[in-house]
Each structure stands twice: as C-alpha cells, then as structure tokens.
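One chain follows as structure tokens, the form predicted alone.
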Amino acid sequence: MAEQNVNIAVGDTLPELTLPPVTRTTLALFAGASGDHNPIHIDIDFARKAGMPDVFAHGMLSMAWLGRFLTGWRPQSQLRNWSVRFLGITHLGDRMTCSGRVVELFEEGGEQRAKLEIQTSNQNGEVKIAGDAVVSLS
C-alpha cells in the first residue's frame, strides 16, 4: 500500500520510478493489454515506411508508467486530477524514469491536497512527458 505520511512540503520530491529498457516485448505486451495495435509501435516495416528508424513506444504506455508512479506514492482513490503533454518519442532501449515534486499545497472541499509536477525522462535526461497531478493528502 502507498505511503500515508502527510508531512509533505512544497519542494518535496517523490520517490522516482525507474523502469527497465523499452523492448519489442514491452511494446507487444502493451499492445495486447491496451488493445492499441497501431503498427507504428509493433511493425518495423510499417514504422520505416512512415519515415521512422524503428518502432517506438505508445504514448499511453508512458502515461501508464506515470499512473503506476503516482499510485505507488498515494492510492488510486486519492488521485483527483492528472494531465500530461507528450513532448517526445520513447525509443527502443530507452530506460525511463518517472519523477515528480510537490509544487503547491491547498485545501479544497475540506480535503488537504497537493499539486504535483510529474514527468518521464530517458537515461539522457530527455523529457518525454510532462504534466501535473492533484492528490488528496487526507
């Protein structure tokens, strides 16, 4: 179960989630689990015809990793809002890290909440997704 410590301050960082390198198997398994069988993510010939050097990760796979990251810190029932911007392609071999920090503490509807800045970045520090989330601290 996720940590329940409410001694949170603006500027605090969340424990990072570092994932294994993205592989073709990762993409095939996500395609099956999500129902997203877009060939750009699983068929190298299709990807090359589209002008890409190889297949690449689904954007929603990276968003799923952020969901795992968030719910590793707070239970899903405490997630109030979450949005992202897709900034770059996650390539095969990328070793992604999800990170975040507290940027605001506030109360809404009698509930203590924290606004977080969240992101995924690869082993070279290139941000692939950036966004924010609001979680309940109550």
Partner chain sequence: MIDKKWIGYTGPEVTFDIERGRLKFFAQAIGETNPVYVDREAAQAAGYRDLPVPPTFLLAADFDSDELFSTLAKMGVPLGKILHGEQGYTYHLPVCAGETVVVQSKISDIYDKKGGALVFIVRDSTVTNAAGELAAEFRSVIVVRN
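Positions refer to the first chain, counted from 1. Remember, it's a predicted structure, so these values are computed and weren't measured experimentally.
This next part talks about the form predicted in complex with the partner chain, which is not shown.
- The partner chain is not drawn, but in the model of the complex it has a heavy atom within 4.5 Å of L61.
- Residue contact with the partner chain in the model of the complex: R48 places no heavy atom within 4.5 Å of it.
- In the model of the complex, the partner chain sits beyond 4.5 Å of every heavy atom of I42.
- Among residues of the shown chain, R101 is not one whose heavy atoms approach the partner chain to within 4.5 Å in the model of the complex.
- In the model of the complex, F56, M60, L61, M63, A64, W65, G67, R68, T71 are the residues of 54-71 with at least one heavy atom within 4.5 Å of the partner chain, listed from first to last.
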